[in-house]
Ligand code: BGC
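Take a look at this single chain in structure tokens; it is the form predicted on its own.
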Amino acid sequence: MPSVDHTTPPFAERIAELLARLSLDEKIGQLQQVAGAGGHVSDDLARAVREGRVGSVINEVHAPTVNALQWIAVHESRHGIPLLIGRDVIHGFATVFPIPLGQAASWNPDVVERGARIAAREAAACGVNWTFAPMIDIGRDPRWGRVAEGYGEDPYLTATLAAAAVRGFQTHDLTAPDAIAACAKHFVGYGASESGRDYNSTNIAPRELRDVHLPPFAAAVQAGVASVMTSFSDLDGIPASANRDLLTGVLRDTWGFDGLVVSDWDSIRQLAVHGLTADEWGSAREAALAGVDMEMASTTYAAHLAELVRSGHVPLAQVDAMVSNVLRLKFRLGLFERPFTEPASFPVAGNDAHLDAAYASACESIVLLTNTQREHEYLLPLAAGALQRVAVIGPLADDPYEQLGTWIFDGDAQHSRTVLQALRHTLPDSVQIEVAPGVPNTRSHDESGFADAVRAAERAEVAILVLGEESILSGEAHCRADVSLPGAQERLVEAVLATGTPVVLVIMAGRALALERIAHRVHALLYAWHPGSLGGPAIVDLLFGVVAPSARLPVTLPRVTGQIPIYYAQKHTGKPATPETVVSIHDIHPRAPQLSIGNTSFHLDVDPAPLFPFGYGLTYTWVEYDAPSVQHAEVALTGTVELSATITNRGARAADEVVQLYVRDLVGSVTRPVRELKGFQRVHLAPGERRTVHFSLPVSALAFHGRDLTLAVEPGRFHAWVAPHAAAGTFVEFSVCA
């Protein structure tokens, strides 16, 4: 966890000098974020900026308009304070990278940092200096549409990638022209929304909050994130925008965060909708006292904060602290010295180098889940020279927009290359490509196109199906009660499978879908998420072995929706399911007596194991893991556990293997997960190469919050796995001694 820095805050003298000159109304103006006018400066917005009633503008990306607004703020307002220009730059700007959940599948911080760096550069050219990313909510319920924006179900992986995103957006120097302020969101626990419904309540136990949901935010703060956004949801009855214990107690007092806290869109006004306050006056008071510095979109601060100060309900010192946090970010960005953007000094958006990076990121983000062996050969990689006819089926095979995914306000579909386009570019002219969408879109139940798809498959040596979800089916406010393939797509797969032609299924989606009925019936399955601008070439190069798959799942894939939540770091329970105790609903005899079956924790109507476990992914070779070893079987509380395992590439192709370290605390003062990720390494192996992979695990990394919610390591026995995924491997035991 970050520690409090008691040194003098940066820019303290300049901030104090400005505060002394600002009127109360001007101070409150710095706390207001308003929407832009869509490419022009409206009279009302110009007047508000000129009068010092605006501290930030959101959703204005027309560079001349941004510069015009900054000119008014700097040269025509009383104090010349520049504006923060905010935008949701989530996984790219004009050049679109895989959705964050897809980037997480790379298990490569460099992929995340590189994507954020390019997105920041393209956004900064338009005058944007503040992005509302990364989203680092832990997402264990794929019904929630916003899982697409996050880095998956695990706090360690999410924390690692959160820090990488912050580095990419902000660089080491926030004053650089192509650096923009990052914003860790949503603080905190939003990913646990009940039933996966956006904006809903979250009921998170205090220990789970500290051990699972807070660590990624702590990592972002340690990485120097410039701002934090509050969640829409309430936590144990207190909406996040009014939660002083978290916003002030944890974030500022414990972690020492001195950046800016911004509400989510309209979330302060919504405190009254929650039923926490009676009106906007009360909402403004609760948010200000909790520690929300800037109000996004709604105007409760502008309408009521001055009167709250004058009546003594909000101390002036609190307002001064809020304004100081806003000004500090503006100083850190160098806006007082460089308020304007110069688009001509930036690389052209969507240039070849940026697109090459998007392609490389997509290649590392697409997970190979199945690859069937046929006549002693695996179906993938395909051999172009052995093909005469290929069937390309599915509504997402040639849709340059849908492959971009959610949150791509500024994404340019003209930069996209689809699977069909990439196939036509890759395959020799002698190979005939027959295209049949099968269904009009992913949600459609219209089966009139099935016949064309079946005929195309019957004539082909291989059928490539590109199915999944349109981008609009995930993201904010797009939650699903049933996460199976929508529409008639499963029936389309079954119709094509009936031809006997080998089927490669490519899934594009913004979440983990439940694919039990078809996943192991198709001959190969690639999970591409929404892969971004260059998703098509990346998919095709993976299919034909130009590059080898290396991605691993950042989430558990359920068999059916009813298994949710299903994640690898579950508790053992007092009656864990075992292969011997699991009983199928079909094995129960009519009029069977109660308590005659099972008596362990499972569903009668589904295999208790996930369809594919966290960390899982195949490549085009076979990597063998030897049993792990530990250097010292007993380690002191202040020591380091030295673990290693030897892995061998038994195949004829090179591979990038993601070697994963998991630990289980066998006995604790509170129950502990069956496994927890504590480290990972991407290792390149040449054919036949044998390598020993080492992990140095500080004992402090084994700490958890005990019965009194104090973070500590408890002495005792531990198991450790060095394995290819969360359901594999043999363990080695070690002990931590007091």
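Fair warning: this is a prediction, and the values are worked out from it, not measured in the lab. Sequential numbering from 1, following the sequence displayed.
What comes next is about the form predicted in complex with ligand BGC, which does not appear here.
- Partner contacts here mean any heavy atom within 4.5 Å of ligand BGC in the model of the complex, and among 608-616, 207-215, 501-509, 257-265 they occur only in 257-265.
- The partner is absent here, but in the model of the complex a heavy atom of 476, alone among 476, 410, 280, 656, sits within 4.5 Å of ligand BGC.
- Scanning 126, 335, 296, 485 against ligand BGC in the model of the complex with a 4.5 Å heavy atom cut-off leaves one residue, 296.
- The closest heavy atom approach of residue 107 to ligand BGC in the model of the complex falls outside 4.5 Å.
- Within this chain, residue 232 lines the site of ligand BGC in the model of the complex, having a heavy atom no more than 4.5 Å away.
- Shown alone here, residue 330 lies farther than 4.5 Å from ligand BGC in the model of the complex, counting heavy atoms only.
- For residue 398, no non-hydrogen atom is located within 4.5 Å of ligand BGC in the model of the complex, even though that partner is not displayed.
- Heavy atoms closer than or equal to 4.5 Å to ligand BGC in the model of the complex belong, across 540-570, to no residue whatsoever.
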